[in-house]
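The chain below stands alone and is given as structure tokens, in the form predicted on its own.
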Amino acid sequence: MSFSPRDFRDCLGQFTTGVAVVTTRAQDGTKAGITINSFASVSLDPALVLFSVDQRAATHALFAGDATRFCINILSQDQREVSELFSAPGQDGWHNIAYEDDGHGMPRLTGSVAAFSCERHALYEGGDHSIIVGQVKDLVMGETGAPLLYYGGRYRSLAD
């Protein structure tokens, strides 16, 4: 390769992404979530989306294992603290987070601009990440305004 991992990461940072938190509930009832910006649509029919999880993440084993249902919450620009909470390893801030269960028993974050309730459709290895494809079973379009964005290693808003 003619570039370093840092060069690769910096170049990827030139692509503006939305910020989402994927939430799930383990079989024992424990809630888990992880901040992602690797969300994409895959197919309209059937309705499929994907996200990726670092294999070193504390929640990787859950999302790549028992958690066959999950909710992808697209964050609003007012939910930066929610993003930071779920991106910090080892934090359990569910007592400070507003959520309700979706129709499939997964935690859906209140105040998100959109949420997709999914069932795992496929799981693929992707280098140091696992790529998880979910079939959308239900969705909610939020009533809040603009999405939280990430660009150049920083949170942004549409006004930027």
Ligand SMILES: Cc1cc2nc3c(=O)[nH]c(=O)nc-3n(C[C@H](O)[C@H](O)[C@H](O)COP(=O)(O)O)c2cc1C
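The shown structure was predicted, so the numbers you read here are calculated from the model rather than taken from an experiment. Quick note: we count residues from 1 along the sequence shown, nothing fancier.
There is also a form predicted together with this ligand; it is not shown, and the following applies to it.
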item	value
Interface segment, criterion being heavy atoms within 4.5 Å of this ligand in the model of the complex, picked from 24-32, 54-62, 131-139, 105-113	54-62
Heavy atom of residue 43 within 4.5 Å of this ligand in the model of the complex	no
Heavy atom of residue 38 within 4.5 Å of this ligand in the model of the complex	yes
